[in-house]
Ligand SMILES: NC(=O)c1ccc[n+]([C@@H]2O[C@H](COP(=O)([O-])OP(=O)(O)OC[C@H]3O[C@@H](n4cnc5c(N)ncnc54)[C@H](O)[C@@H]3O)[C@@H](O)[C@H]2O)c1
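Starting off, we have a lone chain in the form predicted on its own, written out as structure tokens.
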């Protein structure tokens, strides 16, 4: 079976997925849509497919099996619902929306249509994360420390909080999603703090320069997540899981396991090229579409909505200083 794939949005993230898809047998890039005049045509010249500027025209004219929705967070409206109503399977880049109510409408449409859905939280597919999951099944931990020290993303919409949601929502969502995947649901979010004013040389920038927040999981584990976008891009991205004489240091490139006096390093199987970080995610989604079985997908659209609820609670705590209760009785 050839899987006919369409793209809605042809920006940076779409390019990463396209680089993977064109190497897969039995996958055809059939159509691409972007509202910017000429942009889809330029991408189509490289990867194939017919270009469109209107998504409804693309969905009506093309016989698509799957649609990659690679839109900025603010731009999600009726596109996913239109695709679901046509029986088209969906991979929606994260965060899947900034409006939880709109997201629930999409989730309901996906369920009604019985289609397969996936989100873009690719960290869940790393072999190093699999190893962390194995260890945590046997060894309890008490604390997690996360730091994302990086720079401002290329896309102009990213630096505008009304369009991206802010760094914690759009970018650090990868960390919050991974913590949910490995540790379960968060009971409460507290101690949110932020600082701004150091980045004064970037037009249209209105994000927090630095931010930090604390999480308490239903298991009792506590976590701190701290982030900045005022240093070099990708300077340091790390999650430390701390147990009794146990430290698991997870980065994009490797997992360092310090178990007592014994240290083991597990390398991530991805290469240094960023596009490869999506390879397992893309393979899993395409194979799920081909077989009509989404059981191997690690983050469905509905699950990504739960991560959205968490990151919005994080931003609320940062903005107000309040403790935000998501599950249970709080503290």
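Being a predicted model, the structure only gives us computed values, none of them experimental. Residue numbers count along the first chain shown, from 1.
Another form exists, predicted together with this ligand; not displayed. Remarks below refer to it.
K.L.:
Wondering, does residue 35 line up within 4.5 Å of this ligand in the model of the complex on heavy atoms?
P.N.:
Yes - in the model of the complex, heavy atoms of residue 35 and this ligand come within 4.5 Å of each other.
K.L.:
Even though this ligand is not shown here, does residue 155 get within 4.5 Å of it in the model of the complex, heavy atoms only?
P.N.:
Close contact exists here: in the model of the complex, residue 155 approaches this ligand to within 4.5 Å, heavy atoms only.
K.L.:
With the partner left out of view, is residue 216 within 4.5 angstroms of this ligand in the model of the complex by any non-hydrogen atom?
P.N.:
Contact with this ligand, no.
K.L.:
Residue 192 versus this ligand, in the model of the complex: is there a non-hydrogen atom within 4.5 Å?
P.N.:
Close contact is absent here: in the model of the complex, residue 192 is far from this ligand, nothing within 4.5 Å, heavy atoms only.
K.L.:
When this ligand is placed as it is in the model of the complex, which of 196-204, 240-248, 93-101, 179-187 ends up with heavy atoms within 4.5 Å of it?
P.N.:
Looking at the partner contacts, the answer comes out as 93-101.
K.L.:
I need to confirm a contact call. Of 290, 39, 283, 50, which residue comes within 4.5 Å of this ligand in the model of the complex, counting heavy atoms only?
P.N.:
Checked against the cut-off, the match is 39.
K.L.:
Give me the residue from 75, 136, 109, 258 that has a heavy atom within 4.5 Å of this ligand in the model of the complex.
P.N.:
Checking each option against this ligand in the model of the complex, the one that comes within 4.5 Å is 75.
K.L.:
Which residues from 104-130 come close to this ligand in the model of the complex, meaning a heavy atom within 4.5 Å?
P.N.:
120, 122 sit within 4.5 Å of the partner.
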